Ligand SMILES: CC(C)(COP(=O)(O)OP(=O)(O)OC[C@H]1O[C@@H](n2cnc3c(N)ncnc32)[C@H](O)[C@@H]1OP(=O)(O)O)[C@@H](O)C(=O)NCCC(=O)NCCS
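This document opens with one chain alone, in structure tokens, the form predicted on its own.
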Amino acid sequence: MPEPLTQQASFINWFRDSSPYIHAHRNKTFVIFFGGESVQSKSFANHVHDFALLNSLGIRLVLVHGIRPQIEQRLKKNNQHSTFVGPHRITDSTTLQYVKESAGHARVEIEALLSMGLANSPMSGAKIKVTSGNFVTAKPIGILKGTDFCFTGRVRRIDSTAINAHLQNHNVVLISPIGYSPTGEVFNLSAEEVATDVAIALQADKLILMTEENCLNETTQHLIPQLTVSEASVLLTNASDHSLKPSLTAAIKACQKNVDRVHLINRHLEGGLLLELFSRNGVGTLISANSYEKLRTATTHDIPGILELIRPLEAENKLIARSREHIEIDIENYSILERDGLIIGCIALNTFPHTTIAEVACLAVHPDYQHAARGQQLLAHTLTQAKQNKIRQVIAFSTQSSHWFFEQGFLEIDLEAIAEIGIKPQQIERKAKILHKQIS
């Protein structure tokens, strides 16, 4: 029985909306960390299916897995225990054996799932090549404040050349949280630290950290969609949720070392990885060195995006109709708000020769982003431009947004007040209200 039309339309719209991200991610390098809890969960096979999908879309994939719960289980089974100092386990010679066992068992389990190719399964026809190796050179933490950490180590060097060679051959690279010294010793490492250092060494396009919890605003308990490094540092300092501290620490370090973007995604959310990477709003927390929304002057390359943004508003008579040629002539008057290559807002400032009056025009914000005061951000930017150009008064014509302009300090005036610049016939036909604001 065919799917209902509404379901078909929903799928078609989703697939079309995801296509820019499919193109953008192809041939990019992603490093994905997931903890030992994820490996043990019943839903881990679904994560593996998503990894396989990313690989099939041409994404160069490095997977770094954790083994902390696996080590704990082996210790408990043998009536042993570990001591932690801060985030680090003290790894004596006995514990090191359990570390090796846990790493080997987890690696084999992950490789087995990535090797699946059963018909009628999400892995059908995947034919993924997985490679592991001694890519991580390590050194001991040593003795800190009188505590000998034994075989607990830190990353000394990542063999990025070898990893890149495997990625170039379309292999998925799988890395366990253990490292080797030039003298043949094995060290227990933090998986988050390994993932971070691998991402830095590869100059990866993304570091993705699968977390146990969402990154929430502690006051509102709402998901934090994005953070700059400075904002993440403040959150890390004040965070009461200790489970996110390793991920926040890793994200800050990676961004400071030129990894463009770090994503924190709750691993319990079904399909969270795909929703974060292939939808406009995502479902996780994006951390970057700078805000990934850019407010800039428009160019002719932006005209298709501007037209796509304003056409629905023109149809509703919220904006005056503008041709492509009209926008191209005045393109240097336009400013746009861009997010991940998508134009989500625009505004124009049209000046009038021999006057100190300018018009704020073509103010539009994409329906999916009409929050977080983006309209106010565009208007404030344009008012600053007006002041720099020695404009003393800005006007706006509005049929349906006059109250929003009133909230921004505009007042209604009549036609006589702007007789020196006149009014376009289209505005008279629209019966638009004339609004103005003095520039101080």
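Sequential numbering from 1, following the sequence displayed. Between two forms, the rigid core is defined as the largest C-alpha subset superposing within 1.5 Å. Source: prediction; values computed, not measured.
This protein has a second form, the form predicted together with this ligand, left out of what is shown; the following refers to that one.
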Triple contact flag Lys318, Ala364 and Phe405 to this ligand in the predicted bound form, non-hydrogen atom at 4.5 angstroms: yes
This ligand contact at Ala373 in the predicted bound form, heavy atom, 4.5 Å: yes
Residue contact check: Leu313 to this ligand in the predicted bound form, 4.5 Å heavy atom: yes
Residue contact check: Gln400 to this ligand in the predicted bound form, 4.5 Å heavy atom: yes
Residue stretch of 219-227, 200-208, 318-326, 259-267 approaching this ligand in the predicted bound form, non-hydrogen atom distance within 4.5 Å: 318-326
C-alpha of Gly153 moved at least 2 Å between this form and the one not shown on rigid core: no
Threshold 2 Å Cα movement between this form and the one not shown at Tyr180, rigid core reference: no
Rigid core superposed: Gly86 CA moves 2 Å or more between this form and the one not shown: no
Distance direction in the predicted bound form for the C-alpha atoms of Asn258 and Leu337, relative to the displayed form (3 angstroms or more): closer
Sense of the change in Cα distance from Glu231 to Ala373 in the predicted bound form - at least 3 Å versus the shown form: farther
